[in-house]
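Before any questions on how it binds or moves, here is one chain, the form predicted on its own, in structure tokens.
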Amino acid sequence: MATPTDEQIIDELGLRRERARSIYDHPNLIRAASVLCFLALWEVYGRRSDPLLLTYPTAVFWAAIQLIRTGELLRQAAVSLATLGVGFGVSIALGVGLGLLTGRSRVAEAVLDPHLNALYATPQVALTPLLMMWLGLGFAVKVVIIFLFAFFPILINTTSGVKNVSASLVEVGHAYLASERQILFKVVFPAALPFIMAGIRLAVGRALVGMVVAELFTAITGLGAMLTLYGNLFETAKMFVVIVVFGLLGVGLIRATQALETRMARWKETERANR
């Protein structure tokens, strides 16, 4: 007589349980339905509102087509993306670098802490007029403003991540005679990576705010300048085109950072217990 297999025993005893269906089995459908419902409600309410105060999605769509055909939207978006890329890139480089330094060195933390706290406590918007006096109204001042808005979330999260690295991991590195550089980049940095990526995700939204603030103050080029122009002209649909572009840009950047985090810290995904 053949010995029953484990699968046969499980089937005979009725031990096999099918995975319970969850509402989150199709997350993209949920997102799409949510967006469509919002757009439908906006369309209905917007058509009944004063066009100087509120528009509706179809009007925004045709305004976007018009701005794309003239090339104005793409031209100004390229200007804004250039400043955003440089300012955000510098904030990542300096934020991660200084975060690793202050997290690992108590001396560096003691030296830099009062200056960084004072600058962080000062509203960045209040520094904008002063920066405009120093740097003018061009590319440089926008980059600096974006940097100041995005720098501190990255710095703070990186420092916290480095300080939360388990001491046993560092001790293992010392036991294998690893240098401080090897411990920093092969032990501390990978362990702190989830904190760093969380800081970068937070900084994305602040960088966009900094970009809008800089362009609203200078009001010369960029998407912020378009927002000011069409606001002064009471062209609400074109204003909403710029606002939608800001929203899509923010969502796209956050999604990109999430994908990058998943790729760089795949081991962290195995620890998630979300349903």
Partner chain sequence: MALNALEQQALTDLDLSRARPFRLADRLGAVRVLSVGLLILAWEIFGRDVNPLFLSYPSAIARATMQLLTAGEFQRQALGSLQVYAIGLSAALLLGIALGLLMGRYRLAEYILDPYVYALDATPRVALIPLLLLWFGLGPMSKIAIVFLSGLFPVLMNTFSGVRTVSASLVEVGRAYGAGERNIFAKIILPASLPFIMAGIRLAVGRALIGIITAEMFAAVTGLGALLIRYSSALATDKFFVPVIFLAVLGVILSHAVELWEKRLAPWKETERAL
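In this text, rigid core is short for the largest set of C-alphas that superpose within 1.5 Å between two forms. Residue numbers count along the first chain shown, from 1. This one's a predicted model, so the numbers in the text were calculated from it and none came from an experiment.
If you look for the form predicted together with its partner chain, you will not find it shown, but the lines that follow are about it.
Residue contact check for residue 125: one or more of its heavy atoms lie within 4.5 Å of its partner chain in the predicted complex. Mapping the unseen interface onto this chain, residue 251 counts among the residues with a heavy atom inside 4.5 Å of its partner chain in the predicted complex.
Although the partner is absent here, residue 56 is not a contact residue: none of its heavy atoms lies within 4.5 angstroms of its partner chain in the predicted complex. In the predicted complex, its partner chain sits within 4.5 Å of a heavy atom belonging to residue 30. When contacts are defined as a non-hydrogen atom within 4.5 Å, none of 140, 162 and 260 contacts its partner chain in the predicted complex.
If you take 199-226 and check each residue for a heavy atom within 4.5 Å of its partner chain in the predicted complex, you get 202, 208, 209, 212, 213, 216, 217, in sequence order. In the core-superposed comparison between the shown form and the other one, the C-alpha atom of residue 217 has shifted by less than 2 angstroms. Once both forms are overlaid on the rigid core, the distance between the two CA positions of residue 68 between the shown form and the other one is under 2 angstroms.
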